[in-house]
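First, one chain by itself in structure tokens, the form predicted alone.
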């Protein structure tokens, strides 16, 4: 069983993209192939990063907790809304605190927006960030257009296309994460 951590990166009031994070969480749980940890960065109230965790003499307990959750994951899924053609600043701030925790982790990308493009610009930029932190971005992304119509408040797909895309993303991600996890285990 894979240990998968969802990193949800929106802190704004009235955030709709939490629906996409819930959808991924529900689908991974239902697969029976993953133990899922959910990190909602809003719960941590992270200040703007002034020093990386590795450079802190006495890091706060919440950063050590986040580090452990990331480090112990076989893979992660980043979920963010698209803001001004990019991912959320809160997501970038959270990612920047950590370094070694991301090494060679398979990372899936889920983006959503109220518009029809589903966060495609944010997803492309997020793939570049994943490469920059030394992790592996999964090529297939889940884009959720018109969040308010595509998923209900509990993350349940509201149309056949959304369900099909969600199922495909989870299937592709589990394969991707397992392949990388197995290779890492061979290398010790």
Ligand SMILES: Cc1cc2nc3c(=O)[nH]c(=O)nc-3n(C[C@H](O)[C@H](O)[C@H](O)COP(=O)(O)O)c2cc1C
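Quick caveat, the model's predicted, so the values are computed rather than measured. Positions refer to the first chain, counted from 1.
Omitted here: the form predicted together with the named molecule. The next part is about that form.
Checked against the named molecule in the predicted bound form, the candidates 16, 180, 166, 174 yield a single residue with a heavy atom inside 4.5 Å, and that residue is 16. Using a 4.5 Å cutoff between non-hydrogen atoms, residue 170 does not count as a contact of the named molecule in the predicted bound form. Shown alone here, residue 81 lies within 4.5 Å of the named molecule in the predicted bound form, counting heavy atoms only.
The named molecule in the predicted bound form comes within 4.5 Å of no heavy atom belonging to residue 99. The closest non-hydrogen atom of residue 147 lies within 4.5 Å of the named molecule in the predicted bound form.
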